[in-house]
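Below sits a lone chain in structure tokens, taken as the form predicted alone.
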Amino acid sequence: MAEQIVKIGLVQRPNSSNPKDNLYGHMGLIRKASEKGAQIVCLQELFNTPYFCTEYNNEYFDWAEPLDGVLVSSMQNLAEELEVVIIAPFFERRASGVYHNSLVVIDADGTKMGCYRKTHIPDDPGFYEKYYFTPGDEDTGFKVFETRYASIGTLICWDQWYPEAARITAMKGAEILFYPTAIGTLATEGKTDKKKFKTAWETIQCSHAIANGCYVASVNRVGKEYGSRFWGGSFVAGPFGEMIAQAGNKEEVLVTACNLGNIEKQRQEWPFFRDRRIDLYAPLTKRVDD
């Protein structure tokens, strides 16, 4: 198949409790990604705040911003200036008392293409997201955005453990699945836990790449925030699940090239979409098949 190269940039960074500093810091790293040739740049989950869901605190709702706020307009201006596509995940205030863990996709001309709202919301020790976030609905999930450089699908963190989300998004035409993430270990967890969790995290996303014959890009944060230790390790996997590039555990701008022509080749060799038995999948619409 003919080559169709697109360069993607993943930005991982430790965050402070100052949203404005985090916004400007990430904007500077987007510029670095652009200088390295990135055409699509994805930031980490809740990029302009610390990961605050480790506790219950009503004051954190003050960090939420609307889709037409300063954060999004700043990203639109930057995308237009640099001619890059930006995927910016943030804490969205949709209406009074309705908040989402969202992302906005901005095309390379500064056009706001739309948003995706996290569909699967966890509620575990250290990840009390149901307290803060309303799940996404049919209006915003699962989506594919036809950007200037590639057709991209966007999912967020806990979504990454669900093969249904990856499959549906890929079936809608996504060439690259982006997963902005906040994953790490809690203060009560040690090195053994980290190794086990990190291996599972990488394995499930590489599996999505294989099962759907597409690229997968996962962006994680780094540093210690509110009791969580984030391990970074942002990476890009190819359509056969191969690890193409991976960041370390410090602040980093990871830029790598993806040949979208490999998607067609992989789907010809392993035609999972062709061989799906859609006549047998009705149980997937039930909570349990009883």
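Because the structure is a prediction, the values reported are computed rather than measured. A residue's number is simply how far along the shown sequence it sits, counting from 1.
What comes next is about the form predicted in complex with another copy of the chain, which is not displayed.
Under a 4.5 angstroms non-hydrogen atom cutoff, another copy of the chain in the predicted bound form has residue 196 among its neighbouring residues. In the predicted bound form, another copy of the chain sits within 4.5 Å of a heavy atom of residue 172.
Contact check for residue 60: no non-hydrogen atom falls within 4.5 Å of another copy of the chain in the predicted bound form.
Using a 4.5 angstroms limit between non-hydrogen atoms, residue 191 is distant from another copy of the chain in the predicted bound form. Comment: 127-135 is the region of 127-135, 145-153, 67-75, 106-114 lying near another copy of the chain in the predicted bound form, near meaning a non-hydrogen atom within 4.5 Å.
Not one of 24, 245 and 253 places a heavy atom within 4.5 Å of another copy of the chain in the predicted bound form. For the stretch 265-290, the set of residues having any non-hydrogen atom within 4.5 angstroms of another copy of the chain in the predicted bound form comprises 269, 270, 271, 272, 273, 274, 275, 276, 277, 278, 279, 280, 281, 282, 283, 284, 285, 286, 287, 288, 289, in sequence order.
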